[in-house]
Structure formats: structure tokens, C-alpha cells
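What follows is one chain in C-alpha cells, specifically the form predicted on its own.
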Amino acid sequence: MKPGFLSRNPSVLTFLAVLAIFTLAVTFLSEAYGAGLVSTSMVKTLGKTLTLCLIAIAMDLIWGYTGILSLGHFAFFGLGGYMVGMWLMYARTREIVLSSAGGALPMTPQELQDAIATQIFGVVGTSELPAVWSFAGSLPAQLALVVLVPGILAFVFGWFAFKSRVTGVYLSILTQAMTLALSLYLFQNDSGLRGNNGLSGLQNIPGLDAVGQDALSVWFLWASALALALGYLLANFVVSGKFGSVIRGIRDDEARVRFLGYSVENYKLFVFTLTAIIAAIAGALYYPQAGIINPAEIAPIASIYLAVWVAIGGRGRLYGAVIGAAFVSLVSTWFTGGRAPDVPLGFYTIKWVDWWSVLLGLSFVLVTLFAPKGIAGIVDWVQGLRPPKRGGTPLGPDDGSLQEKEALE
């Protein structure tokens, strides 16, 4: 009988076990449900880190396995955040308007909507609710848009790009141009998303006023861990079997795969759209924990950082992408949060808040030149020290020949 998916991929169970232990440990050490050794701000940081690990998996699927260096996936991440942020801000403002409304007569639906629009968009000089906010009052609709808006954008963009057979650096430039165009559009006040002000107050969940931020941070940690676990399972399922072999073939020799009769463009389009949706779901979980989103989050530099995370962790290995994103995110928090002590040199003082970007770029260059497998290469090195498991009788005269058990697998 053919072994199951998990039995053929034991590393998946290991990853899920480590993730579960980590989540439980943070929960038991949190201020809300445990000993209080982990602060609420740190729980939020860890929850956001898990969502960054999820988008790193998406980036590894499209770049590490399919060979498409997309410099625009953080745009989908931001769009997911905007879709859920619209509901959060609308519903929260609605609660504020209703609680502050005086008088014996209740507000009419039109009066309520006008008051909400004035509260949200007064900062950009308007009092009308834009058309893009038509479904902002419905949580199911906005959750559907988290998937639909980035998915449709990725599908349309990918259709034209892949059907035109744009590849290599030209495709990377196109994805970066898409991200830049979207970012510049969102910076405009008439975009309907409050321009440079963005959406704020997203950490205040409507209907949960009685629940403190300490408990909410743990809840989002659980949701982020669950999303990461499901994303890791899905990604491993995609890269295993025939489909995984085809996309690796596209990465290594696209012309040969096309010659063999495979529709290369359709494979690329599927992976590009799927990873855009995964990135959007990650963004929908990230920004309620961050509390604010603005167009700067979608700037092209964010997608470049994403590629750096995956490269440092080790592209072409899903666990490597997770390691890279977690490592860089936590180290970045330490350096940019003022926790790293300044280094006085007499004539100059190194302030890590200013030098962190330089250090990250230097790390990327060093990894590319001297450790192309990234941090995940350490795992490969450890596995290489172990002798291979063999069983059965030799099928050849040499001591290192294939064994009977191996030939049957």
C-alpha cells in the first residue's frame, strides 16, 4: 500500500510539533493565561512573526520552488490587511457613533452611515463613504474579499505576464512595478482608503471591549499559529508528488518542461495566484496585531526584504523560509527597538537603529556568496553526517550499491 502524505514527509510532523510546543509555551508564559513572564507586546511580536513566516512560505513556493523572483508579494499581504482593516475600522467607528449619539430618537440608517463616513474620512477632507467600502459593514464579505481581491489581481497580472512568456529579471521588474503603482495609488486621498493616513485602531476588535489586549494578543497568536500550520501543510502538499516535480522542472529548465508537453504558463499562474492568496491571509492576521496599516507597508522595499528573508533562511526549503523570516524578524525587532547597545568607537558611535538595514543587506550578500543554502544548510550538513538507512540484500557487487528495500520504495 502506498504510504500516506505525512508518512512520506515526517519533517511536516516535526514542524507542527515544534509550532504547537512554541504556541503552548508562549500561552503559559503570557500575562493573560500564564506566569506573566512574556509581555503582551512580545506576544504580539511573536504573533506577527508567525504571519511573516506564512508569507515567507508563499515566497518560497513562488521563488524557491518555481523559480519566479516576485518582488510584489507584499502588495498582496497589504491588500489582505486593508480588506480586514476596513471592517475593523467601520465596525469600531459604528460602535463609537452609536454610543455617543444623544437624544431620544434613534439615528436613521442614512444618518448613521453619514456619521461613520465623517468620522473615518474627515481626516482627508470628505464626509462620504467611498464605493470600495460598500461591504465594510459585513465581516463575511470582507473576509471573502481578503481572498478574492488579491487572488483576482494576481490572476489577471499573472495571466498577461505568463501568457506573454515574460521571464527572469523582466518579470521581477514587472512585479515590482505593480507593487509601486499600487502603493502610489493608495497614497492618494481619493483612493478611498484614507491615503497616507491609512487605517488605524485595528487592534480594537468590535464587540470585544471587555477583553483586554493581553488576551487578544494570545488569541491572535493562536490564529497565526493555526494559519501557519495549515499553510505549511498546504505548501508541502503542493511541492510533493508530480506537481512539485513539474514546478521544480520549470525552475531548473523551463524549455525542457514545455517540450515535454506541460503547460508551463498554467502551472506558473496557479502557483502565483495561490501564493498571493496565502500572502493576503497572512496580512489579514498581521495588521490587527500591528494596529495600523498605510501605503508605506506595500512599498517595493518590503517585497525585497521578503526575498532577503527567504534567501537567508534557505530558499527551496519550506522550513528554511520559516527559519529565515523568524530569525530576521526577531533580530530586527531587537536591533531597531533600541535593545541592542550602541557601540562607541571614540570618533563615531554605531547606533544599530540606523545601521540595521546595512547589516541586513550585508548578510544577504554574504549568504548569497558563501552560503547559498542559507541557515537551512546547517540542517543539510547535520543530515549529511548520518549514514543512510539501508535494508535488504545488495542489488550489485559494490558495497555502496542500491539495496533491495530502497529499490522497492
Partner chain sequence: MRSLLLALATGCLLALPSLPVSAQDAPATAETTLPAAPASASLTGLAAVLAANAEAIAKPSRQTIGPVIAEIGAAGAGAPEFLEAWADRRVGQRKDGAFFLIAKSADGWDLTDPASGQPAGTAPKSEITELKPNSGVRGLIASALVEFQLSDPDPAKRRAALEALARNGGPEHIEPLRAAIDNEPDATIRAQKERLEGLLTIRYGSSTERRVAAISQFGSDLGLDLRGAINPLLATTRKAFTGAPEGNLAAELTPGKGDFDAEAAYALLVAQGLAPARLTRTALRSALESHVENGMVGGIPVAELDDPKLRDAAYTALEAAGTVPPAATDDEVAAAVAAHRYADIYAEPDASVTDAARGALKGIEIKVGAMQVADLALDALSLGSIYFLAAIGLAITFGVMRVINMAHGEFITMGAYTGYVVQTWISDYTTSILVALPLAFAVTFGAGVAMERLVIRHLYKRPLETLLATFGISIALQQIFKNVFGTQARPLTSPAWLDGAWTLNDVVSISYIRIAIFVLALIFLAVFLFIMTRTRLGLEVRAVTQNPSMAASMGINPDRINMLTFGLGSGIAGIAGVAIGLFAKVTSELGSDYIVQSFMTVVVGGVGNIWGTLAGATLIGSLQKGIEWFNPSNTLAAQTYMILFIIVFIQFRPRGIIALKGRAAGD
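C-alpha atoms forming the largest set that superposes within 1.5 Å between two forms make up the rigid core. Source: prediction; values computed, not measured. Residue numbers count along the first chain shown, from 1.
Not on display, but discussed next: the form predicted together with its partner chain.
Student: Using a 4.5 Å heavy atom cut-off, which residue among 168, 212, 140, 338 comes into contact with its partner chain in the predicted bound form?
Tutor: Checked against the cut-off, the match is 168.
Student: 42, 375, 32, 69: which sits within 4.5 Å of its partner chain in the predicted bound form by any heavy atom?
Tutor: Contact check passes for 69.
Student: If you check in the predicted bound form, is residue 173 within 4.5 Å of its partner chain, heavy atoms only?
Tutor: Taking the distances in the predicted bound form, the answer for residue 173 is yes, it comes within 4.5 Å of its partner chain.
Student: Just checking whether residue 134 would be counted as a contact of its partner chain in the predicted bound form - the rule being heavy atoms within 4.5 angstroms.
Tutor: No, residue 134 stays farther than 4.5 Å from its partner chain in the predicted bound form.
Student: Although the partner isn't part of this model, could you tell me whether residue 357 comes within 4.5 Å of its partner chain in the predicted bound form, counting any heavy atom of the residue?
Tutor: Yes.
Student: Is residue 152 close to its partner chain in the predicted bound form, meaning a heavy atom pair under 4.5 Å apart or at it?
Tutor: Contact with its partner chain, no.
Student: Please name which of the stretches 289 to 297, 217 to 225, 110 to 118, 143 to 151 has residues with heavy atoms lying within 4.5 Å of its partner chain in the predicted bound form.
Tutor: Checking each option against the 4.5 Å cut-off leaves 110 to 118.
Student: Please determine whether each residue of 184, 190 and 307 possesses a non-hydrogen atom within 4.5 angstroms of its partner chain in the predicted bound form.
Tutor: Looking in the predicted bound form, the three residues 184, 190 and 307 all sit within 4.5 Å of its partner chain (heavy atoms).
Student: At 4.5 Å, heavy atom to heavy atom, what parts of 193 to 218 sit next to its partner chain in the predicted bound form? List them in sequence order, or say none.
Tutor: If the 4.5 Å heavy-atom criterion is applied to its partner chain in the predicted bound form, 193 to 218 yields nothing.
Student: Taking 2 Å as the cut-off, check whether the CA of residue 348 shifts that much or more between this form and the one not shown after a rigid core fit.
Tutor: Comparing forms between this form and the one not shown, the residue 348 CA shifts at least 2 Å.
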